[in-house]
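One chain comes next, on its own, written out as structure tokens in the form predicted alone.
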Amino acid sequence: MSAAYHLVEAHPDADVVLLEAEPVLAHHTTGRSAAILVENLSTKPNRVLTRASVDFLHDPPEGLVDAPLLSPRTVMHISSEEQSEEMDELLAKGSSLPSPSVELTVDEAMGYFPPLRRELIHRAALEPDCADMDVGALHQAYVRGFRRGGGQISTTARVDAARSDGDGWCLETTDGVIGVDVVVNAAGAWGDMVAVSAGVEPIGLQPRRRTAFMVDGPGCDTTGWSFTAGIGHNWYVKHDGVQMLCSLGDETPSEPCDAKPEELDVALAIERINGATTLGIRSVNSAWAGLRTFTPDLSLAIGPDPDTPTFVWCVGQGGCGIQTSRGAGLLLADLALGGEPSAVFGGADISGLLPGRFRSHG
């Protein structure tokens, strides 16, 4: 949706059609995200996209949303003595942010998440200027802007084959045959499959399953508590109203599919969270899973394929797709028809985002 919205914004004379295989939009990973805006996250190229997204998320264009997209939330990481080097690395990466990462004392860490087991905290770090993102509202903002710009959405329209006809493409879909000049591949976990169906070399996408679940909260006022995670994100917890959202932080390789939660992952997460906190989780209210899809070097792939320029990639969002969505959509729209990156990127190096890096001659 972000790619489609930015295409109609950047190219108002173009006819843009979004083809969605499912009966509804955002059925897969987007609709299952526990999205937190954390600038100290992911690879250097992906951080370029996050920086290009932050202002939009804080202050979206007039008429796109009815309420703020962000709600303030701190994020805290805790580590054992054996994980001290990982903590040093995290603090170093967060040192140059507008709101730098801050190391906390044990007492301070307990204040940000009182259920922690004090004796297990060796070090802690706080990301002070993070936020919960209203994923549904952000997605609907892109839908609203896309339709306002004349874009068309066709659901239950899976692309089964794409044939180049010299000047453009003939797409065979479950909703009929469509002719287009440019194909944008924003198919998530199915991105490589779409490429193969178009005769384009895949880039080695790896979908990875992550399971999350809701449990009853501790029954006290949790206002101001941090999203709290082990330093390697091998578990995390955040309060969500009267419940707590929990996860193992798993990244289990998977085929593209409608992911389902695994009981073993839920059980292991409960064991880790109960070991690190006094929450005493015994039962689960609901559970779900989604696929977070990564490129081989963990950075997004955005832009025309070097061998087939009318086939444009927008894949590999991994675990930062929501917070980079504005930057990714904007860069896609800049590059799709042979343009240059917008001024919002400030001349940043985008070479680590271009799909040509996965070709031996790229």
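No experiment lies behind these values; they were computed from the predicted model shown. One rule holds for the numbers: they count along the sequence shown, beginning at 1.
Just so it is clear, the following notes concern the form predicted together with a small molecule, a form of the same protein that is not shown.
- Only one of R158, R272, K93, R73 lies close to the small molecule in the predicted complex, with a heavy atom inside 4.5 Å, and it is R158.
- With the partner omitted from this view, the residue of V194, V266, V215, C130 that lies near the small molecule in the predicted complex is V194 [heavy atom within 4.5 Å].
- Not displayed here, the small molecule is kept clear of A348 by more than 4.5 Å at the level of heavy atoms in the predicted complex.
- At a distance threshold of 4.5 angstroms between non-hydrogen atoms, R32 is in contact with the small molecule in the predicted complex.
- Of the heavy atoms in R210, some are within 4.5 Å of the small molecule in the predicted complex.
- Looking at C320, you'd find a heavy atom of it within 4.5 angstroms of the small molecule in the predicted complex.
- Not one of R47, D55 and V344 comes within 4.5 Å of the small molecule in the predicted complex, counting any heavy atom.
- Listed stretches are 215-223, 288-296, 79-87, 107-115; the contact stretch with the small molecule in the predicted complex is 288-296, by a heavy atom cutoff of 4.5 Å.
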